[in-house]
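First, one chain by itself: the form predicted on its own, in structure tokens.
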Amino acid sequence: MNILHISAECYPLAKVGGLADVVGALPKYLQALNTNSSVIMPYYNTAFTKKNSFKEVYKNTLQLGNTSFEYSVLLLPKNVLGFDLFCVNIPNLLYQDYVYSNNDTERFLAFQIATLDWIITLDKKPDLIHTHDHHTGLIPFMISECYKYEVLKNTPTVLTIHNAQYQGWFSHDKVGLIPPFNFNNVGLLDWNGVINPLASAIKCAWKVTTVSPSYMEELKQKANGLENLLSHEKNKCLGILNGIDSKVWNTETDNYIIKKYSIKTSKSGRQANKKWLCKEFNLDINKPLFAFIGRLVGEKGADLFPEIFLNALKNKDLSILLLGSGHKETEEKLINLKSNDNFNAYIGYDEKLSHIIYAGADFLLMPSRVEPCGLNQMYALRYGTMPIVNKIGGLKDTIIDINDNGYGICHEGVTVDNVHKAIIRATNFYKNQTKYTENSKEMMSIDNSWHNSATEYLNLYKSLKQ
């Protein structure tokens, strides 16, 4: 079976969030299941594209309304990532040093049209097309409705919703940018009076998945306006929990971390990484180290961080380290907290530092209000760092509380008081170092790799080809 994934992100070429990690890992694990799996994405101006050689395999001109764009399709050899990575290069439109911007309607529409224009020229076309989030959400509609893509009409399409909060809305005034189709079916594009690519994909894709079973159920109650649509289409919807790339996230081979370690040597290895963090950020190595890695946005509960951290730091027996960026007011409040001896923050993102934090922190805070799957908690488990999570979405599916014979700390609802109580529970648990170390080793032995998830996706693909 020949599977083509279409996405705006793919690690390591371009990463803004968990979408990139999924698209960078799932095809690799499908390859291991003897399923030819490739990715096509926009060609951005990133460090990865600059240092790798791509081969041009196709060149043409696309029409976006009344505007023409020359573009090419580039191929990165399979041996670099473990699967074929194709990129659509549209100079001055897609080739930027950012992934998302304020003209994304035109950028991602051009990307989708170029991708389909290229696919219909292939001698060996995909057996199935897998789209990811709203940036590629018009693909199922165009395959089923646009005259020029009629040859693909019987090609199954799958949509995976990584985050339903973002839907790619744009005005019907721009409907002319989409290649000609039977206008009687324009309703397939519409939701609440605007063109909604995510809603269109839910209507037109053969199957719809979310990145965890709990998130699929939550979306039927809270999906930023798509609740009724998802309930109506429930028979073609299912949740498949994301995995993590255990080849990238491997404490025994991770070149980012200060000292590599196995389950057997985890205590000394994790201590070496914690020592580096505490020295780098002027924190006390003898105190439990709580960390947060991610975007400083309301979805992550970050608006409450200044108050949560201020309350927690009244207890002089713990330290907090934050890696992230986002809401400017929150950033400023957190920077002001750096005057506290037990707190430090790196405002921005650093891949190497994130790995060291997973390897050296004692606890990872994830008080998310929305978490479709969450990968950070699985990275933490893999590296022996105890997650503290709100019971929602994928966090609910992956973390069991220590009071329920589990290995993490869970709280119900995101309030300053609930998170503070969870931090107190964690601090008390940390005092029993024997128990903490045993729990850390147990976490590292949990298999959250993509193998099981990829098998579920492959079974889904096969069901659509029967």
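Note that residue numbering follows the sequence shown and begins at 1. Remember, it's a predicted structure, so these values are computed and weren't measured experimentally.
If you look for the form predicted in complex with adenosine-5'-diphosphate (ADP), you will not find it shown, but the lines that follow are about it.
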Inset, instruction - Spot the stretch among 98-106, 386-394, 373-381, 175-183 with residues whose non-hydrogen atoms come within 4.5 Å of adenosine-5'-diphosphate (ADP) in the predicted complex. - result: 373-381
Inset, instruction - Verify the flagged residues Tyr58, Leu74 and Tyr149 against adenosine-5'-diphosphate (ADP) in the predicted complex: is each one within 4.5 Å by a non-hydrogen atom? - result: no
Legend entry - Non-hydrogen atom contact Pro91 with adenosine-5'-diphosphate (ADP) in the predicted complex at 4.5 angstroms: no
Inset, instruction - State yes or no: in the predicted complex, is some non-hydrogen atom of Phe83 no more than 4.5 angstroms from a non-hydrogen atom of adenosine-5'-diphosphate (ADP)? - result: no
Inset, instruction - Give a yes/no on whether Lys338 approaches adenosine-5'-diphosphate (ADP) to within 4.5 Å in the predicted complex, heavy atoms considered. - result: no
Inset, instruction - Using the partner position in the predicted complex, report whether Phe363 sits within 4.5 Å of adenosine-5'-diphosphate (ADP), counting heavy atoms only. - result: no
Legend entry - Contact assignment for adenosine-5'-diphosphate (ADP) in the predicted complex, among Phe290, Trp249, Tyr261, Phe309, heavy atom within 4.5 Å: Trp249
Inset, instruction - Quick one: from Tyr358, Phe343, Phe305, Phe141, grab the residue that has a heavy atom within 4.5 Å of adenosine-5'-diphosphate (ADP) in the predicted complex. - result: Tyr358
Legend entry - Within 278-301, the residues that have a heavy atom no more than 4.5 Å from adenosine-5'-diphosphate (ADP) in the predicted complex: Ile293, Gly294, Arg295, Lys300
